[in-house]
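First, one chain by itself: the form predicted alone, in structure tokens.
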Amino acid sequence: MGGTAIRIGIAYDLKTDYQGIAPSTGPDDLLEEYDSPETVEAIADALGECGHIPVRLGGGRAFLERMLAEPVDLVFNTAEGWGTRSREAQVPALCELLHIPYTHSGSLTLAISLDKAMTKRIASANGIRTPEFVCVEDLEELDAVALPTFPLMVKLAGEGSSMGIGSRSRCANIRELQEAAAELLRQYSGAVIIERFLPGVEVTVLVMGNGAARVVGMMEIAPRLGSIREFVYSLEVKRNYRSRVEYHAPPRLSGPAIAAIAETALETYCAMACRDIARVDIRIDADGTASLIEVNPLPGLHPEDGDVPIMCRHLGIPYARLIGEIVAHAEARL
């Protein structure tokens, strides 16, 4: 199939698809994971530029109905799913049931990676450094667990796109921790993860491939104002990234530091059985070592605002080439 035009169905979930389902009283980032029409159009245009025939499938029940009515040769998966702990695995599982190949990681990897605690346990079992953490489902558990040393980072255990991460997520004492955890537990469903805050440089790493995966590039995320020692790449910062952060690709780090980050990212990619593409977030600890923050095997692909497309622009990689390489890796598995 390599080099020939094929019908590629795009699986996606739009924010507008869930505006009538999501609670109207919920936080304003409740649908942050979901795509915009601009992303879907950009992917479709890129697939066409690569010589393929894009077919818009959507997500959820609509995806299943369209797949049954008119199967495609390959699914380009960006769907986030809805309503379950393993929601990102919904479309891949359906593709597996229907024996339709698809891009990105398998259903098991997507289910596990959405759970930050499970990801960290797998990383630790594979000798990958990651901050010490605890996971709690109610405030009473805070009094019963041994917390890592302050400052601590508090975030949702089962969400992505920096949902729930704000200026109060970095906690310097128990009062701040209790307040931040209480707010997350009240506004969202599921557990909260509390981990030791790392004071060093934050780097996001683009890894691609199957088997012999490779680091395509790295991007340092630096605050325009304030100290890196207190910097949190929060949702509010991401929404205003043009004025709040500076991106440096490659990072302004030494050769040994770059090598350590690359090694951590590749080890994580392999330990999580990622395929085709993933974005691995690394932060430097106080002693200068690289530690895994999290891995995203379904990274956002908004052509202007997504971290991966931003990195690719810095590296001189056209958007169509990025999309084409994802497809090429998926085709190589056929």
Partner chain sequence: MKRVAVLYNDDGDLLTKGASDDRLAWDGGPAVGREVAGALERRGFRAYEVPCGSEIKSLVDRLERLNPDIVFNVCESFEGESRLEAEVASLLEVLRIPFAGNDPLALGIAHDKARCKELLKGCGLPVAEWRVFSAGTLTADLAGLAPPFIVKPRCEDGSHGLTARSVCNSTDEALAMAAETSAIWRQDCLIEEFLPGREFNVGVLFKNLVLPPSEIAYELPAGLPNLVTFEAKWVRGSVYDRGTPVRIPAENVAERLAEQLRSLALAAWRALGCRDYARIDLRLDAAGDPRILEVNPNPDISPDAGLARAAEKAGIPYDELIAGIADCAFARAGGR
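Small disclaimer: the values here were computed from a predicted structure and weren't measured. Residue numbers count along the first chain shown, from 1.
There is another form of this protein, the form predicted in complex with the partner chain, and it is not shown here; the text below is about that form.
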item	value
Contact flag, E96 vs the partner chain in the predicted bound form, heavy atom cut 4.5 Å	yes
Contact label in the predicted bound form: L266 to the partner chain, heavy atom within 4.5 Å	no
Non-hydrogen atom contact G48 with the partner chain in the predicted bound form at 4.5 angstroms	no
Close approach of G60 to the partner chain in the predicted bound form, 4.5 Å, heavy atom	yes
Among the candidates I122, V207, L198, L177, the residue which, in the predicted bound form, approaches the partner chain to within 4.5 Å (heavy atoms)	I122
Answer option from A213, A262, I112, L235, heavy atom within 4.5 Å of the partner chain in the predicted bound form	I112
Within 4.5 Å of the partner chain in the predicted bound form, all of L64, T84 and A89 (non-hydrogen atom)	yes
Among 143-151, 164-172, 98-106, 181-189, the region lying within 4.5 Å of the partner chain in the predicted bound form by heavy atom distance	98-106
Stretch 263-299 - residues with a heavy atom within 4.5 Å of the partner chain in the predicted bound form	A271, M272, A273
